[in-house]
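Two forms, one protein chain; structure tokens for each follow separately as structure 1 and structure 2.
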Structure 1
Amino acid sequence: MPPLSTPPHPLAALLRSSARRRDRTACRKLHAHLLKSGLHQRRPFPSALLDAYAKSGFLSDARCLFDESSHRDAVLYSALLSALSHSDRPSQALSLFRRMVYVDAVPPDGFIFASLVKTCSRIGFLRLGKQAHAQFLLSSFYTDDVVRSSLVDMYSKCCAVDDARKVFDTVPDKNHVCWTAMVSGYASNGRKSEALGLFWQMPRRDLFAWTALIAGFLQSGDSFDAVKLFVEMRRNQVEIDDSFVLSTVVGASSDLAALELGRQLHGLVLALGYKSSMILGNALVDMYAKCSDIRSARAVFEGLVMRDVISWTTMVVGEAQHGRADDALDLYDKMVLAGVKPNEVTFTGLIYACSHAGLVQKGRELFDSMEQDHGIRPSLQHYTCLLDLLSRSGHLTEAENVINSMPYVPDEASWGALLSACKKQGDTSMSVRMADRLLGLKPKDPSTYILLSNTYAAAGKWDSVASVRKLMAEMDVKKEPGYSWIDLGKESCLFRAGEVPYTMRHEIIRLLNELANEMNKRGYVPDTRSVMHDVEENEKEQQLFMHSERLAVAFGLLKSIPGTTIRVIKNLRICLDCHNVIKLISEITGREIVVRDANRFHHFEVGKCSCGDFW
């Protein structure tokens, strides 16, 4: 008769249970009991205890337990490596691996190789991933399919998708994880046809596989096809028993600014019973905010049962982008009172809110409190927000002192923020000085060259304008054409400046002329300063008349249900004249008009804008 296997110790089962529940108190009590009973060094308790601490959020305790252990074998190393690879400090797993090999001389097994490869995957360290692959091939575990699946994932996430396919082809009996990793690799790297081809070859296409494909398309920037795939998945009657795919496709509707789609997905979330999901709630808050419906975003936020730092920060940033600085600051106060620690993004949103509301002193206080009160070192992005805040409010000298003394090398965004404000404040000499510094960086963003060209043109420095155009030609920088998009649910249309659909041309031009006559009665005078072409004044006015956002607003007035909000998306910054015109249109028609441009949201209502003309 074969010997009976030793039954698992009940304390080990309790440790695993506390790890699943992330129960820190239970971990400490069980640790104390093991110490008193003298079992703390007996297998399987060291690795089980370390794993419980790590999964409960006590990574430092897990590390101390590891360091104090008298016998650090492959099992213990595997437990800590796995914990570190899944933590917010995955790079520490690399130094631990070196210690394992060169200090304790512990040979890696399949679990350790898998943890190491996953770490390389998370931090995008392709060179080390290849070294791990080489060691794996030389080891006795070279046929381990779990490691090979991890290698497929690692190469895909490091943008070496052809190497991923080579590993994939070496696996004789591919499991579902391996298939899914390769499909995800193709999709996330923009290899659409290969991703779909492999996906339809899969032996089993479950929710996990569909989610990987949809998320991959979204990651590669193909939000439209991500949504189409979700619709296809629904047609295939795949049961949604996990909320992640829903949060993914809600994210796709955010990218597309497709409000009606987002509302339908919200209804599906409720119908499937995922109302209490915090991850989905956060995605819905973000979607409504990005789709210009800030009221619905706030309603979803207020209805969240549980809120984490992402919930609060998403709402703070949303309020800030919609010009509701007071609401953003009030939310921040409530967030701190609720005991939620703000992060770097929270402060970016707060300083941005102050910048676009002219709250200079409040912005300074928030910037200082980052490090003083919360231990967050300001990043270059925070300094750029501070520069924007100071310069927009006319504190140009202070802003220049900041950019010259900050602990980072100013980048294109930093100089651009300062230059834009100098130009708005009418400080020609400083504008030219900032433009010269910015031009020296040979910027990549086409809009930066437009700003430079306009700055030099306004200062009459035509030689510099020619230099900008020459540099654009040398670097093959092409100006992004402006367009505006309006979606009315069943009807949508994209407008480019000067281009009106033939079927609607007569109605749109007639309505714009009627509105122009009414605006003239109210004292409207076209502001042609944004038209930098050397043409007659009446031609400049005609160019403004045919700007894409005006065409989209006119289409919305003609086609939408009376009284409903008109929502327009513009890919570039709205010009000053169009901003004035749409304020007047909102007053004349009694309609709320929301324009999302490249910088922020503008809510036009009864002749006023939410930005307070401070954008």
Structure 2
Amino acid sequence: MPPLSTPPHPLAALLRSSARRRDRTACRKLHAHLLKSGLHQRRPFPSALLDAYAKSGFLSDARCLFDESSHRDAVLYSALLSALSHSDRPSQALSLFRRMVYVDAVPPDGFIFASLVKTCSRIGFLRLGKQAHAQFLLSSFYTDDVVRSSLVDMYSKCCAVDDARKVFDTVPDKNHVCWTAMVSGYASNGRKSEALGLFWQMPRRDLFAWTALIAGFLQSGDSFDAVKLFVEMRRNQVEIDDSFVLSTVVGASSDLAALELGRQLHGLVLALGYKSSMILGNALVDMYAKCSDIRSARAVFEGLVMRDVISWTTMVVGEAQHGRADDALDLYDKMVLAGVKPNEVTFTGLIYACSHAGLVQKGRELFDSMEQDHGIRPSLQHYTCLLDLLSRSGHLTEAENVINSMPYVPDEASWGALLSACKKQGDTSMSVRMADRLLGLKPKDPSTYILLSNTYAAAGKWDSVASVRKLMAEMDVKKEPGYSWIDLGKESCLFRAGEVPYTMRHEIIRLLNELANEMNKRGYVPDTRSVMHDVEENEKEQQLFMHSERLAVAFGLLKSIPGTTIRVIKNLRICLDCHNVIKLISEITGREIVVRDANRFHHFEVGKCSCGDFW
């Protein structure tokens, strides 16, 4: 006969179900009842109550219970440590752990080791994770497989995949959690073939395993294969009974700027009944914004039942990248009115919006308000946004004062922001000064080298141009080749500069020539400043004529349904001349054209661009 286990107290069962529903009111009622009946200090209620508050998202209530408790044993510590390790400030678990060991002299058990390792995984603290591993092996719990699974996860998250594999191999009877942790580890660290190999060796592949694999591919930058795997998962008829995998694959379509795919996924989300999921809603808002369909993004946002700081921030950033600064600022006011606290990401989006619309004073105010009104210390990235804001609108001296007095060491991005603005405004001596500082940092980004080389060339400093080239060779920096991509749902096409697909060659060239005639009538003169190669003027014009974004727009005009918006994605920034040309094309053809470049979105309509030529 197996030993009879004590049935759970009916109130404990009620607490657990309230926690699952995240029902804080129910927790409070039960808490009151326990207090009145004097049961609150009897086992299992101290830890069950704490756990219920924590799991329904009220960590401060859980913390209060812990602090007021007179008897803090391993179970109570374990409940709070677990809650903190899952919170948005997992490092708090470390100070609690120290208090447990040094103040209350409670020795860690298997539960506590698991939470400690989880904390190290969340904050990426490999050194401490290794110490915890060593202590665990010395303890009497060294055979605990739950802790081993958390160690597999911890090593993977700290990029030590081979160490994760060593732990994985020591587990005799691996369960799903352990397999999934290892598959996720390989996938998210870019070890694709090992991830797939292990995945297909799994005894059974459930939704968790598929999600881990797909999310891992996405994390390591392989959105295309992430989507392919999702299709394979559907073919394998895996039931989707939670929304994790959907938000992951919606994220992949944002990355790919694949609007048609995103629309289909939106349909699937509705069909599977996840209309009211906030996380999925947030992912969809971001997807539509990144796929250049800002109106649909806004429609999904307006339809959200619940909005958290991520929902608002996603929408603010979306409006900002589409050059709709007024809408971004208006959203911010509504967000504050709705009682949602902005965070550091919200301010990045807001200052970016001001910067791209030339709203200097408003941007300065927001930057100051960040710390004054919201207690958020500006990061280096915020300072870089401020530098961009000031320098773009011609406040170069003020910007130079900021970069020299800010409480951070400026990096490649900060000097780069300042330099590109100086150069655009033709301040040669300041440009050279900035360029010299930037060159000293041995930059990594190919576009920085192009910027440096152009700056020195414009100033006639040919010896500096030569040293830029030399450093590029030393650092093995190669300019990324430009390409543009258009997705019409039924067919999509990728264009590189100067290359036209054979089957469409005549039609595309003929259309571009017809458009050029019309443009010439309207006074268009090619702006060859964007052509870097040292060639004759008419050769430069010929190169511009075949820029990838133009080829993609021409393809879109020929192939898309008349009257629909043409959406083009470019991997680098759009060139000055193409910007002029596409404005004219939008006027001549009466079509709306949206280009997503490396930096932002350009909406071309009736001869104008949403960026106001200020990008």
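We call the rigid core the largest set of C-alpha positions that still match within 1.5 Å between the two forms. Residue 1 is the first residue of structure 1, and the numbers go on in sequence order from there. Because the structure is predicted, anything quoted here is derived from the model rather than measured.
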{"property": "Label of the structure corresponding to the form predicted together with the DNA", "result": "2"}
{"property": "Residue 582 grouped with residue 493 as one rigid part between the two structures", "result": "yes"}
{"property": "Rigid hinge motion between the two structures - rotation in whole degrees", "result": "11"}
{"property": "Per-residue C-alpha deviation between the two structures [residue 95; rigid core superposition; Å]", "result": "3.5"}
